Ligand code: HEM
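Just one chain is shown here, as structure tokens, and it is the form predicted on its own.
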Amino acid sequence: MNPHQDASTAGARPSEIVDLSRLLAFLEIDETDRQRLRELAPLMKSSAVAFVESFYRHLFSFEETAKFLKDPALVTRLKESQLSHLESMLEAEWNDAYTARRYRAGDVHAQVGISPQIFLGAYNQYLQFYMRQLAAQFDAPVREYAEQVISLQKVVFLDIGLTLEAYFTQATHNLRRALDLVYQANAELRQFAQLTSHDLKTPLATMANLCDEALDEFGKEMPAEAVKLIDSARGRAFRMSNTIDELLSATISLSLHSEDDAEEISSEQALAEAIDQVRPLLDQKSIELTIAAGLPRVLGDRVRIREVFYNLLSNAIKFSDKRKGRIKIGYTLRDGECIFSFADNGTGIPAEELARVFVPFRRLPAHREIPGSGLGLYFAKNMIEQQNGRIWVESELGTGSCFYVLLKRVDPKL
């Protein structure tokens, strides 16, 4: 099993998002166009500096673009970057590097708040400038024809800008609606969690009180082992009550969660607490548990990570079907990350079901008789993603499963 294998699309390259060959075909860009552009390159390069200076004078004449250009050093860097950008465009090398560079330019512009309309305006200026440069080499009728093409070009860019505005307005509207639904769902979730925690804690408090009464009334008459068992049950009831409080707190803070909320925690301690919760089940099934030494410190929410570890352990125990059950917990370190592995020799998961193991209420047909709600892995996935991590599984039917949890780790040098 490969701990680095993950079906997630996070971190996909621009070339994996944009089908460049299909785009070139749709725009009918071919080898003839490549040759023509390369023939234009010397003329364009000879006047590139003049164009860039003219373009920035245009930008400075508008308040919405001038506000981005108050730092002279920044303006110098931007001019150099634009010269390089335009030069590479005429090299006509349409490959992964070309796609990544254009994608990166759009990403930077979006991050600093430059609208697509302003970006389109830059290309409009570029085409106007060089259309006149080319026409200047010919007689008056050709120059007049070029001005007609420029007028057509201007209205085409105007039309594109207005149409894109409708796209972005609709996208913004949809995003706001989605955020409103998320806020409403979070409010309902908090209310549900508060009511549910009360309903769960009440019988736990009753159980703890009954244990106290049993020990007070009959403790002296009970065998020492019975007293020990009742006291253990009382302690577990209190621990479960504390767990409910912690989970409620984590649920209430869900809508406020961000990467900045992550704390430095001991994964070893979180795992130890999870193991303490499942220890009776491990002993009952005589399952051998092995843990790699030196578990690292990671960034995240201690309660959520502990609950994820608990869910993975209880899941492995629940589906252990061998006479000698085994669970092995390990980890792999890589740049800024730690991948925890929870491997077992249980029933395993059919290949066709792997993609659905994290779906809520989804249970394998063969497991219908085993107690459970089908929510444990769903909650584990959500809690890990709240820690800016990932979780996935590899499995072989009849041999066992291995769940992987990727979290950001603390740099030991800090």
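Don't overthink the numbering: it's just position in the shown sequence, from 1. If you're wondering where the values come from, they're calculated on a predicted model, not measured in any experiment.
Separately, the form predicted in complex with protoporphyrin IX containing FE (HEM) exists; it is not shown, and the next lines address it.
Every residue in the set L59, F68 and A122 has a non-hydrogen atom no more than 4.5 Å from protoporphyrin IX containing FE (HEM) in the model of the complex. Segments offered: 306-314, 282-290, 329-337, 71-79. Contacting protoporphyrin IX containing FE (HEM) in the model of the complex at heavy atom distances within 4.5 Å is 71-79. Interface residue among R323, R176, K228, R104 relative to protoporphyrin IX containing FE (HEM) in the model of the complex, by the heavy atom within 4.5 Å criterion: R104. The partner is absent here, but in the model of the complex a heavy atom of H85, alone among R239, R297, H85, R143, sits within 4.5 Å of protoporphyrin IX containing FE (HEM). Taking non-hydrogen atoms only, A97 never approaches protoporphyrin IX containing FE (HEM) to within 4.5 angstroms in the model of the complex. Taking the partner from the other structure, protoporphyrin IX containing FE (HEM) in the model of the complex has a heavy atom within 4.5 Å of a heavy atom of F55. Contact check for V112: a heavy atom falls within 4.5 Å of protoporphyrin IX containing FE (HEM) in the model of the complex. For the chain shown alone, A224 is not a contact residue for protoporphyrin IX containing FE (HEM) in the model of the complex, no non-hydrogen atom being within 4.5 angstroms.
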